[in-house]
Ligand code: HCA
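Given as structure tokens, the chain that follows is alone and in the form predicted on its own.
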């Protein structure tokens, strides 16, 4: 996992979420935040003449990120879109083509031969127009026949693609099945393999991490998991896990709160208080058992120190407060009450009908003494 890459698609996949329309200024703020967090590649949008603002965005983004990350565009296998993409001068062009028969036959009214020939033509056209790196996204790979997925990956490799991206388009994979898919494609081609996981069953981040554990080289994510339907792998969760659990030093989780709030404001979304990594209450504790553990050693009930994500620990005291937690907290502040005084104070705290902060608890204690 120390060599994996995080590809952010907030400005492409995230912008497809209902009601989301990023302004030009918001796009630049998001790009700056992604660069600060150490993201390897930023997908800036879908290449199309319908998006005439993309060339300027590419130009401005290059100044913002310097050379800290690659800039990419997503693209259909259509000549006009590929030509437009080339005029934008991205570092990476992510061509997308379906590989499930449901999409090929029912949506496109085509066959597998058409898909193969279209992919070959599109890769060769993109390379001929000077695009330096072509990533091939195999749409709906999780519902496609595995032999055909591997055959398409092989075709892409033979014609100059530099990466294969496997899309779990409707989020039906489990960690086990996405691992099997990655292993099969890794066995068919020597190219880097990435995954694009959707969150329809709440497993997008878990599936993305499982894919890395199975040998995938990259994962796609969006800030706050924005995207179609239930969205995608949450970038903040992937960054947090890789940095705080796996020890990957490229990624900077301390920049996640600012980035997530920037996206939330731009997208008109609220961040839940218990949202992983960036929620306002994730280091707030009220239960006596956990407060006791935190007083002895914070690592007993915290997976990482709050300051790693720019947060602080907050204790609350009320109906869930325990005797030991009160005693340890008071002792930390130099207040040493008798056992009976602490028991009486704990009863008062539990019966007061409110949740107290640390300062209020100390005032209760001084009054009791």
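Residue numbers count along the first chain shown, from 1. Please read all numbers here as calculations on a predicted model, not as lab measurements.
We do not show the form predicted together with the ligand, though everything after this point is about it.
**Student:** Quick check: do 205, 234 and 240 each get a heavy atom within 4.5 Å of the ligand in the model of the complex?
**Tutor:** Negative, none of the three is within 4.5 Å.
**Student:** Check residue 198 for me: does it contact the ligand in the model of the complex (non-hydrogen atoms, 4.5 angstroms)?
**Tutor:** Yes, residue 198 lies within 4.5 Å of the ligand in the model of the complex.
**Student:** Find out whether any non-hydrogen atom of residue 85 is located within 4.5 angstroms of the ligand in the model of the complex, and reply yes or no.
**Tutor:** Outside the cut-off, so no.
**Student:** Classify residue 348 as contacting or not contacting the ligand in the model of the complex by the rule of any non-hydrogen atom within 4.5 angstroms, answering yes or no.
**Tutor:** No - in the model of the complex, heavy atoms of residue 348 and the ligand never come within 4.5 Å of each other.
**Student:** Residue-level question: is residue 118 within 4.5 Å of the ligand in the model of the complex, judged on heavy atoms?
**Tutor:** Residue 118 lies outside the contact set for the ligand.
**Student:** I need the one stretch from 118 to 126, 278 to 286, 166 to 174, 205 to 213 whose residues put non-hydrogen atoms within 4.5 angstroms of the ligand in the model of the complex.
**Tutor:** Of the stretches listed, the one contacting the partner is 166 to 174.
**Student:** Given that the ligand is left out here, which of 96, 179, 155, 133 has a heavy atom within 4.5 Å of it in the model of the complex?
**Tutor:** Residue within 4.5 Å of the partner: 96.
**Student:** Residue by residue through 12 to 50, which ones have a non-hydrogen atom no more than 4.5 angstroms from the ligand in the model of the complex?
**Tutor:** In sequence order, 12, 13, 16 come within 4.5 Å of the partner.
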